[in-house]
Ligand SMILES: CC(C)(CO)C(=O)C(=O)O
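Here's a solo chain for you in structure tokens, the form predicted alone.
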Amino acid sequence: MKICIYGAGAIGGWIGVGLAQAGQRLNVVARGATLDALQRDGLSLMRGDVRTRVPVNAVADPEALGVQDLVVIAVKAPALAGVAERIGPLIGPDTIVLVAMNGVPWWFLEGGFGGEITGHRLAAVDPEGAIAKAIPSRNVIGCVVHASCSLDGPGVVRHHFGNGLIVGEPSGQATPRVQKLVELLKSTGIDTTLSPQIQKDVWFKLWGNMTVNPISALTGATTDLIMGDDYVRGFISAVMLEAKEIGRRIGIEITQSPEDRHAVTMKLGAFKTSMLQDVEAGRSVELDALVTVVRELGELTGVATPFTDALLGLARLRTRQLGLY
């Protein structure tokens, strides 16, 4: 297969090393220091003190690679518009684009999902429709990542915990191509599950991190301190109940209570969220894909979101002050 990782950061690198170890020749689109490191040293994955290094064909220009069988997009949401501008040469009629990103994606309401708002373009994540035009929904397979990884340096990924991917067609169908993809990902050693409704898996993961992530960016606090404060935890619960009702109106029933999810988060201990890591590193934050889009879905479904609005306003103000939004 012709496989390309677009975004050789923490998650893209983790998936890429697995694919290369499974015998796939790996192409990577990268730039700057990451491109230099990949061309010089290959791609590395650290598990404790054990380093796994694989060779890759790293290029700056997608045109140098041509049409691929599989493209894995694993960038932060603010970078996606830039990817969309350049990804065209990689995508043919039969190319699978596996979207391994946090938050609500541009294709969320495709595939007949969403009830009365099926097919609606979400302005929070694709304001002009440029992403949907560049990456057609017919090519997309959704993906939810349940793994924690970070970068030790350009081209060097560190795996912390978790080893799961959930994948699925936006339509919910168990097509031959998605079944083949599941088998390929399983061959890498990643625990891969085929979802009958990938939007539900996207929303359920969002339900937990749409609150703790921006609150950590506001406060600089780790998850144990956030969840350990009764008032903050109560505020988080109020936001989650708004998102739970939005989910119900678009066909996603969440049976858990916010307190059930808090118990899971508290088990992480003193953990820095990905958004807090981005703030500390001076990188743009994924606020629109995690929070702004929830507010938009509230408007579309007629759900009032005063607590979500307050969270968005505070996080937007803080990250704008830092030049990260």
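Numbers follow the displayed sequence, beginning with 1. Everything numeric in this text was worked out from a predicted model, so none of it was measured.
Same protein, other form: the form predicted in complex with this ligand, not shown, and the subject of what follows.
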Check: Is it true that Ile236, Gly247 and Thr305 each have at least one non-hydrogen atom within 4.5 Å of this ligand in the predicted bound form?
Finding: no
Margin query: Using a 4.5 angstroms cut-off on non-hydrogen atoms, would Leu300 count as touching this ligand in the predicted bound form?
Written below: no
Notebook entry, point to check: Within a 4.5 Å heavy atom cut-off, is Gly208 in contact with this ligand in the predicted bound form?
Noted result: yes
Note to self: Check Gln199 for me: does it contact this ligand in the predicted bound form (non-hydrogen atoms, 4.5 angstroms)?
What the structure shows: no
Notebook entry, point to check: Is there any non-hydrogen atom of Asn102 lying within 4.5 Å of this ligand in the predicted bound form?
Noted result: yes
Next item on the list: Name the stretch: of 64-72, 44-52, 291-299, 269-277, exactly one has residues whose heavy atoms fall within 4.5 Å of this ligand in the predicted bound form.
Entry: 269-277
